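Next up: a single chain in structure tokens, the form predicted alone.
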Amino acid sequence: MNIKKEIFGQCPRGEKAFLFTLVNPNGITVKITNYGAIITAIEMADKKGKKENIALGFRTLEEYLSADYLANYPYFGAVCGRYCNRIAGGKLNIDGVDYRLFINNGPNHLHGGQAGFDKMIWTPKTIDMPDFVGLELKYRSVHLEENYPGNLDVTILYKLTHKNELHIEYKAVTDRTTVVNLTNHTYFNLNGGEENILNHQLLINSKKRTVTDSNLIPTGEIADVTNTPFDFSTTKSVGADIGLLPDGYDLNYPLGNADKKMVFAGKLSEEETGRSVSVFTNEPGLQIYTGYYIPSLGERFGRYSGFALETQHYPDSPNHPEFPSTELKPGDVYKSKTTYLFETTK
């Protein structure tokens, strides 16, 4: 197990960002920067031993800060918060008080607002243990940052194990009632970006989805997906039915784990390389996004160039009391865990 720290770049306000490279004995490499808690790369071998990056990202901080990238911002590899996904109309009511959040996705609030956790400098600490290497990242989101109530202290722990698992553990505490919904927004491309993800195979451990309106806000209905384009309860290619949808897939699948225990959420695989990533989580939902709006930057990326598997609570939960609650009160601890398991078949 090995972990290395190096300078990644300088932020507009003068802070230094660092890049941390985690390597396990099997050659799995995960690169993370404390700017936005971003996973910049995940490198693994294919069935022929060829090692490639399977996560969409950049090699320099300047590219993450570029105007072209931010103009059509896809949140490559970032931790999104204080509330990932959408909140309808940016409207939030907590304890009878109305809060108006920044509108940055049509008529809605998305991924924490104008300057969410994805654009913050986190305080890093490396961890080197016999069976894993890790990076702990801490950030204090002050009261009314992006107009969310409460001082929120957040800790993220990335752990790469000798079993080819990447654990992401989140903890948060607050001094007044607020909402919290955190996820990592890594996009996977298991053929190393040589093709898009439409030939990838997908399995989701759910037969239900949250129905949304034209702005991707839940209506409150939970629908059965059997015999619809949204059914991945048995493995099929991502592109099998995607032509029936105007913008590809961007939806939440309830996982049925009301007891908050770790469950298998899904598996993305690619036949030519033999690579796969399986997802386990204690979150109640899995949001998938096929990257219809990923921008083309030079000859890189573009539509369907990556596939996001985002473990989280449901979109717009604060405005749907029937959904699992995202409310966090003083004295309580927000805890969330996701595990990505990387495997290669011969």
Ligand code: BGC
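Residue numbers run from 1 along the displayed sequence. Keep in mind it's a predicted model, so treat the numbers as computed, not measured.
Quick note: we don't show the form predicted together with beta-D-glucopyranose, though the next part is all about it.
The single contact residue among H185, R82, R275, H109, judged by any heavy atom lying within 4.5 Å of beta-D-glucopyranose in the predicted bound form, is H185. This chain lacks the partner; the member of G90, P74, G248, P149 within 4.5 angstroms of beta-D-glucopyranose in the predicted bound form by a non-hydrogen atom is P74. Across the options 66-74, 275-283, 28-36, 317-325, residues that bring heavy atoms within 4.5 Å of beta-D-glucopyranose in the predicted bound form belong to 66-74. Shown alone here, I94 lies farther than 4.5 Å from beta-D-glucopyranose in the predicted bound form, counting heavy atoms only. A residue is said to contact a partner when one of its heavy atoms sits within 4.5 Å of a partner heavy atom; Q287 meets this definition for beta-D-glucopyranose in the predicted bound form. Residue contact check for L216: one or more of its heavy atoms lie within 4.5 Å of beta-D-glucopyranose in the predicted bound form. In the predicted bound form, R209 stays away from beta-D-glucopyranose, with no heavy atom inside 4.5 Å.
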